[in-house]
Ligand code: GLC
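Next up: just one chain, as structure tokens, the form predicted alone.
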């Protein structure tokens, strides 16, 4: 088996060494990295090595049309890791074969940022279980052909991490792993060029550490200390943590806050060239030690800054990236009933190389940031500040004939900027209709919810559900009673899974059953048709109705059109696809792909039966 490692190493060694020396010019540290990679390979289980080889032979395994993900908080979903293992039947029945376990590594109570302030990269939070429980879960998932994703927080550690504790005590070796300054001179220079991530809840990019008598860089929260990747020891040790998690059976490593990893004075400390060198090195290391493991980048920025994190076809970086801008543009489209900007965004994504895979989603654990194409909107007379305010007011339910319910996140009273929180169902009107006992409103809310999911399933890439969305779970306002959560409105959509409501899916009249069964039908159709594969050709079609979007997909001779009405009013997609007869996949009935009429928030998937 060492021959396999050696062949992989030889294939990549020249580039890996060249990139490492470009960053660090330290042959000894490079030699240590190479040796430790060999050790992690030797420690990797025979089952994981077999999985690696299988995926090497089928490198497109994650690009197929049967992929469906779900992101979930372990405690909210099932109490602990053992509980998640007990719920695998439910996940399998829900067609899920990609399970994203939200942050579960050790954190300090009250200073965890939802798990993103890691105290120990090799320990599970005690309330969630142990590393042995994690390995048992990943093995059980692999038996069911499910992949497991976890978060790897590379940018920073908790202030309670062992390195941070040693640094706080004045140990120079560990202080050099962070950004420490004994006066505010250099921190003030950084502040001139580095934007603030949380200007309202955590202003500034530095925190005074009384015990050390120094300032330390804290881009996110004061208890999250930024790591200094100019120090090769930081890079090496974090790569060892990455490989440790891979050897526990993790299939997808979600790299948190990728653009922030490298810092340099006089820059905005975002998207610097060295970040790409680090991610390329990480990709090479994974291809040598654990080629069955995928890298998922969290890059919450506009398309021009997102796409470079795929690298190039010849020198790839991340295997997958989140389709963040499309997600935000989707909700903009719901609020404006105008598909123009969304169509433009989808055209950009569809023009990219098919090797690039996006993860598509409606909601996730985080807020919705309104990172839209404001240059395009400005040409239509929409200013950035007033439009953001309109969007936030719309989803608060106060303007635009909105039925949405949610809350602002990180409101800045100076700029009046804010992001938004809420579950898919609550944003679609399920919460409001349920509270008011409005049957007609509930019909409309369910149609909108299912239409948005049907549209998401038509996008190129892997669709990801947020736990609870499959049953239409609404906002949970109970977080306001928890002193460790009440200042963070993102917990509004991080409520515990309601298993009582899950049982309602057996009652066909219930809201839960209608959404769950509706999604299951869409998921089964998606799995059955090759045109939904990631590498299929995809395009948009002009509908001549500002509220209706039409997407086309074609692969292996199969062609499917998806037509989606983003307005609550009935409309017509004025298209004329005269290239054969079509069938409505949801009804099984023949239907012309011409002048397609849809009810408010209606949709259809049309499959061409034959060509000319």
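Positions refer to the first chain, counted from 1. The structure presented is a predicted model; accordingly, all values stated were derived computationally and were not measured.
The same protein has a further form, the form predicted together with the ligand, not shown here; the description that follows concerns it.
- Heavy atoms within 4.5 Å of the ligand in the predicted bound form are found in one stretch of 252 to 260, 524 to 532, 273 to 281, 348 to 356, which is 252 to 260.
- Taking non-hydrogen atoms only, residue 298 approaches the ligand to within 4.5 angstroms in the predicted bound form.
- Heavy atoms of residue 426 never reach within 4.5 Å of the ligand in the predicted bound form, leaving it off the interface.
- The closest non-hydrogen atom of residue 490 lies within 4.5 Å of the ligand in the predicted bound form.
- In the predicted bound form, the ligand sits within 4.5 Å of a heavy atom belonging to residue 198.
- The single contact residue among 394, 220, 206, 178, judged by any heavy atom lying within 4.5 Å of the ligand in the predicted bound form, is 220.
- Only one of 365, 332, 453, 447 comes within 4.5 Å of the ligand in the predicted bound form through a heavy atom, and that residue is 365.
- Along 91 to 124, residues 113, 116 each place a heavy atom within 4.5 Å of the ligand in the predicted bound form.
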